[in-house]
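Next up: just one chain, as structure tokens, the form predicted alone.
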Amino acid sequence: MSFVLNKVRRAMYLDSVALMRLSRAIADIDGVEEAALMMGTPANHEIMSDAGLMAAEGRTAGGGDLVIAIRATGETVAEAALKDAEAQLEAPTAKSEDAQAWQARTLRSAVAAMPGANLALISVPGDFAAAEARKAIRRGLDAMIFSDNVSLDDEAALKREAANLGRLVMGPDCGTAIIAGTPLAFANVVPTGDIGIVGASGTGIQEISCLIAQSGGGISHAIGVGGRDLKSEVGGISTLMALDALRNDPATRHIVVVAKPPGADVTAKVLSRLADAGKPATLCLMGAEPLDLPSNVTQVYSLRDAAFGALGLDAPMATAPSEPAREGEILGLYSGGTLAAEAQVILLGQGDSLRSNAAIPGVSNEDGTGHLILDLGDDVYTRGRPHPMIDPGVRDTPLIEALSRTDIAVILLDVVIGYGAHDDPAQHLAQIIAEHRTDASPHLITSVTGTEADRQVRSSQLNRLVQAGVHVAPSNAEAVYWARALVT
């Protein structure tokens, strides 16, 4: 019989990434079945209840309270895990006090302490994110909203107000940006250069910016706008403002736009704004049909082509491994949603049948037939758990199962490094492969999105994967073509 223990820390806040990391560390303790450290918002109450993690005390938590929820094999184990969690929660505070560091507790005090600041990064529970962002724009700051679970109506209203004030709102659910050479959230260390990116896609920005960096180019700015900005209800407000900023930026020579296909009304606005910018531009709308374009805009259909198009290069595709092809399907286990979309675009272009839990236009849902491309960052896999870029263990169960299947010819993976990502995702993946791979297992193909300057070091990640018997392609697009070549 499992034992569930909750403790509520009143009026205590930590951002979601820090809480996810700590949750996984506690869940890894022997005897702990599951653990979650979450703010006590209604949405998080539901997540913890569904996971069997809620007890009476946890149900008393409000949106500004932190819930420590542990399910373990017994009371003694749960209490020990709770003690460990609280010790880790106190560690940053103790360190800050030892260093006599001061931390702002409100946006007002932060602005008073940093009067020259011009950007606020908002990472609070979604119930409060729009209000905090509104405070920021009214104090003359642009805002990057890392938080999700903000309603579409609130997003649209916030962005309309921001536009009237001349302020840019990136997000909600904006996970990646590089502003004037500074990486924010899930981003990579890339050289400063003359290519500007506007993206409604975090891993899309990462893949493009890293491929540009690997080929000797650099980024002026990479402006994330959030996955819903191009919906008709929002109207592309932030995208259009970002395009205006890049048009007026003398350091930006070429503009790249990456997103899922918007509605026709918003697409027309984006194309008009790109035409007005007058600068060469590359448009990558994953899964979109060919468009009637202004003369300065080129449409491409993969992230790789977006990167090399911006550089003005026509790079040849790397040759697939000389392995015998196998009969069966491709299984894509992706941590990056846009990388999964790129895989679908390429396979669809090959005339293949395929399915996905995050289907692009023309692809069936995962109940169909053909190759299966899964976005493991989807909510169904991450409710109450960290994103697979933070915790690659989210991929363990489907990968272990796939390694024993004879109907799968190729397992297609991605590895994404950089700020916010796991310390050593390649080593984690290599360990799973070493423990569960057999001579009859499917081919394994991956790519690494990142740079040599990232703390995980791209070449080190590549070497670990190669040593584990994984075929590593130079880009996600090439990995997909390799996978296709190894299927009969």
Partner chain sequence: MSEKSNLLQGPLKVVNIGLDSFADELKSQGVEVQNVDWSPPASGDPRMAALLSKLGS
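Positions refer to the first chain, counted from 1. Here, rigid core means the biggest group of C-alpha atoms that superpose within 1.5 Å across both forms. Model, not experiment: these values are computed from the prediction.
Below, we refer to the form predicted in complex with the partner chain, which is not included among the displayed structures.
Chemist: Can you tell me which of 292-300, 316-324, 122-130, 276-284 lies within 4.5 Å of the partner chain in the model of the complex, counting heavy atoms only?
Modeler: In the other structure, the partner sits against 122-130.
Chemist: How about D414: is it within 4.5 Å of the partner chain in the model of the complex, going by heavy atoms?
Modeler: No - in the model of the complex, heavy atoms of D414 and the partner chain never come within 4.5 Å of each other.
Chemist: Indicate whether P183 is a 4.5 Å heavy atom neighbour of the partner chain in the model of the complex.
Modeler: So P183 counts as contacting the partner chain.
Chemist: Does G351 reach the partner chain in the model of the complex, with heavy atoms at most 4.5 Å apart?
Modeler: G351 lies outside the contact set for the partner chain.
Chemist: Taking heavy atoms only, is F146 within 4.5 angstroms of the partner chain in the model of the complex?
Modeler: Although the partner chain is absent here, F146 would touch it in the model of the complex, with heavy atoms inside 4.5 Å.
Chemist: Note which of L444, A426, M48, M39 lies within 4.5 Å of the partner chain in the model of the complex, where distance is taken over heavy atoms; exactly one does.
Modeler: The residue in contact is M39.
Chemist: Within 4.5 Å of the partner chain in the model of the complex, heavy atoms considered, which of R355, R385, K231, K135?
Modeler: The option sitting close enough to the partner is K135.
Chemist: Pick out the residues of 104-133 whose heavy atoms come within 4.5 Å of the partner chain in the model of the complex.
Modeler: In sequence order, A104, R105, T106, L107, R108, A110, V111, A113, M114, P115, G116, A117, N118, L119, A120, L121, I122, S123, V124, P125, D127, F128, A131, E132 come within 4.5 Å of the partner.
Chemist: Does D424 move appreciably between this form and the one not shown, meaning a CA displacement of 2 Å or more on the superposed rigid core?
Modeler: The answer is no, as the C-alpha of D424 shifts between this form and the one not shown by less than 2 Å after core alignment.
Chemist: So, superposing on the core, is the move of L444 at the CA at least 2 angstroms between this form and the one not shown?
Modeler: L444: C-alpha displaced by less than 2 Å between this form and the one not shown.
Chemist: Would you say A468 moves between this form and the one not shown, meaning its CA shifts by 2 Å or more once the core is fitted?
Modeler: No; A468 is a residue whose C-alpha shifts by less than 2 Å between this form and the one not shown when the cores are overlaid.
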